[in-house]
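Below sits a lone chain in C-alpha cells, taken as the form predicted alone.
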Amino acid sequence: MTVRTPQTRQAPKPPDYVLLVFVGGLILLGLHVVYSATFALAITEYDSVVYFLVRQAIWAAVGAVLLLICLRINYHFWGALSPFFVILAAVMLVLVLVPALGVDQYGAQRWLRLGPLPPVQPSEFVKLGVILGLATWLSGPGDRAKHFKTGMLPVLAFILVFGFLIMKQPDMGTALVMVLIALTMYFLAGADLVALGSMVVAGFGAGMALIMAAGYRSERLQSYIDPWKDPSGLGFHIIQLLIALGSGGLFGLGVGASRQKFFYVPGAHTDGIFAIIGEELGFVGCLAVILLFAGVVYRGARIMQDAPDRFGSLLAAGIVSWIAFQALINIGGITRSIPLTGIPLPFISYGGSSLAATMAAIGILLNISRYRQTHAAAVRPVARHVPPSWMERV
C-alpha cells in the first residue's frame, strides 16, 4: 500500500535487515528456551512434550504474518486510523472486565475469550494503540507538547484512562510500561520539563499508593528488600530465580540442563524465562540476550533519528521505548535490581499476545526504515521535523 505524503514520495528503500536479524535471533532463542522450560510441565499436564512449543511457534507464525503486513503498509496509514485504534483499545480493555468474555486466571482478569480461538491479552495490543494515538497527536501542527492544553493534558488523559482500565484487571507491570512509554514520547516531542517533572513525581506517588493498597504488591516489595527473611514464603520466588541465575556460572549447565525449571521457578517459561537462560547458558548467554536487545534498541533509535517526519520519529520512539522498558523491567526484576513486576520478556517469554503485538510493532518500525534519509542528509531534516528542544536534550 502506498500513501502519498510529502515525506514519502521517494521510492521506498530496503528495510533495516540488521534489525530484523536481531529480532529473529531473539525469537529463535525464545522458542528454544520455551521448549526447554516447559517440556516437563507439558508432559505432566498435557501429555505432550511439545505442547507449549507448538503453541508458541503458531503465534510466532501469526506474528510473522503481521510483521510482513505492517512492513508493506506505509506507516502514515496507521496515523490516519489512530483514533479508531485508540477507541478499539479502550473497548477491548472494557470487554476484558465483562465476566462472560474475560478469562480469570490466577486472580487476574487479563484475557479476552474470542469464541473457539485461544484467549488473547488485549493490553499487549493496547500498548501499540496508545503509541499510535500519542504519535499522531504530538506530531500535529505547532509545538503541542509545550502547552498544557495540547500537551500535558492529552498525555495525562491517555495515562489516566488506559492506566485505570489496565489496573482494573489488575496488571500494574503493564500499566507501568504504558506510563513510561507515554512519558518518553511526551519528552521527545518537546515537553515542558516542569510539567513533565510534575507528572513523574505524581506518578511515583500514585504508584507507591497502589503498591501499599494491595497486599500482594506490598509483599513483592518486602520480598525485594529482604527475600531471605521468609525464604519459603514471600522470598521463595526471587530466591529461586537467583539460584537459577547463579547456578549457570559463566557458560551455563548446558542446553536443556536447567534444574530450577522443574517446578521451582514460578513462571519459568513466562516472566522467569531469563533465569532459565542464565542457568542453561550462563553469564555468556545472558550477555548475548542483552546485546541482542541493545542491538534492537540501537537500530530502532537510528530509524527514529533518520525518520523523514515528526510522526515517524515519534512512532519509532514509542515502539523502541516499549521494547526497551519491558526488557529492562523484566531483567531487572529477575536479577533483583528492581522489584519483581511480572511482565514478559519481549520476543522470548511464552505468550502469544505479547509475541504477536511486538512483531507487528517491529513491522511498523521496519516500514519507517524504508523511508529513512541517508545519514549525511538526516541531521538537518530531523532537526527541522523534530522540535529543537528534542535535539537539545539528546
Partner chain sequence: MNPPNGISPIRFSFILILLAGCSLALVGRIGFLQIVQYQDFAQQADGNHWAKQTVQAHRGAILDRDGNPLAVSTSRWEVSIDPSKLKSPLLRERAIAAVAAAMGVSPLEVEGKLLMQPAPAVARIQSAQDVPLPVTGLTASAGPVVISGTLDYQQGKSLAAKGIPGIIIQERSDRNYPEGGLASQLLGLLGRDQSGLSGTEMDYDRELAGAPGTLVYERDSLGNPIPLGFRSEVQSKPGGDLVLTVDRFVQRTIERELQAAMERHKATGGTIIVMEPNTGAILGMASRPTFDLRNPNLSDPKSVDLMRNRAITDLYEPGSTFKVLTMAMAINEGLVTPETTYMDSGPVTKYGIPLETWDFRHHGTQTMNQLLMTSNNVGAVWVGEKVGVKRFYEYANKFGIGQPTSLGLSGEAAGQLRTPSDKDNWWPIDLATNTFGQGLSVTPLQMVTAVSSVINGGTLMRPYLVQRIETPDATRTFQPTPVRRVISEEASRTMRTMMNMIAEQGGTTSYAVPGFRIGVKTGTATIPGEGGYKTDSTIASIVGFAPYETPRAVVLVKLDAPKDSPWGSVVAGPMFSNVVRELMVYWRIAPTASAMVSSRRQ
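What you are looking at is a predicted structure, and each value in this text was computed from that prediction instead of being measured. Residue numbers count along the first chain shown, from 1.
There is another form of this protein, the form predicted in complex with its partner chain, and it is not shown here; the text below is about that form.
- Checked against its partner chain in the predicted bound form, the residues T150, Q222, Q305, N74 give one hit for a heavy atom within 4.5 Å, which is Q305.
- The partner is absent here; in the predicted bound form, the one residue of M92, L292, A301, V161 having a heavy atom within 4.5 Å of its partner chain is A301.
- At the 4.5 Å threshold, heavy atoms of Q260 reach its partner chain in the predicted bound form.
- Taking the partner from the other structure, its partner chain in the predicted bound form has a heavy atom within 4.5 Å of a heavy atom of L188.
- Its partner chain is not drawn, but in the predicted bound form it has a heavy atom within 4.5 Å of R336.
- Proximity of I166 to its partner chain in the predicted bound form falls outside the 4.5 Å heavy atom cutoff.
- With its partner chain left out of view, the stretch that reaches within 4.5 Å of it through heavy atoms in the predicted bound form is, among 119 to 127, 166 to 174, 272 to 280, 202 to 210, 272 to 280.
- Counting a residue when any of its non-hydrogen atoms is within 4.5 Å of its partner chain in the predicted bound form, the hits in 247 to 261 run S247, G248, G249, L250, R259, Q260.
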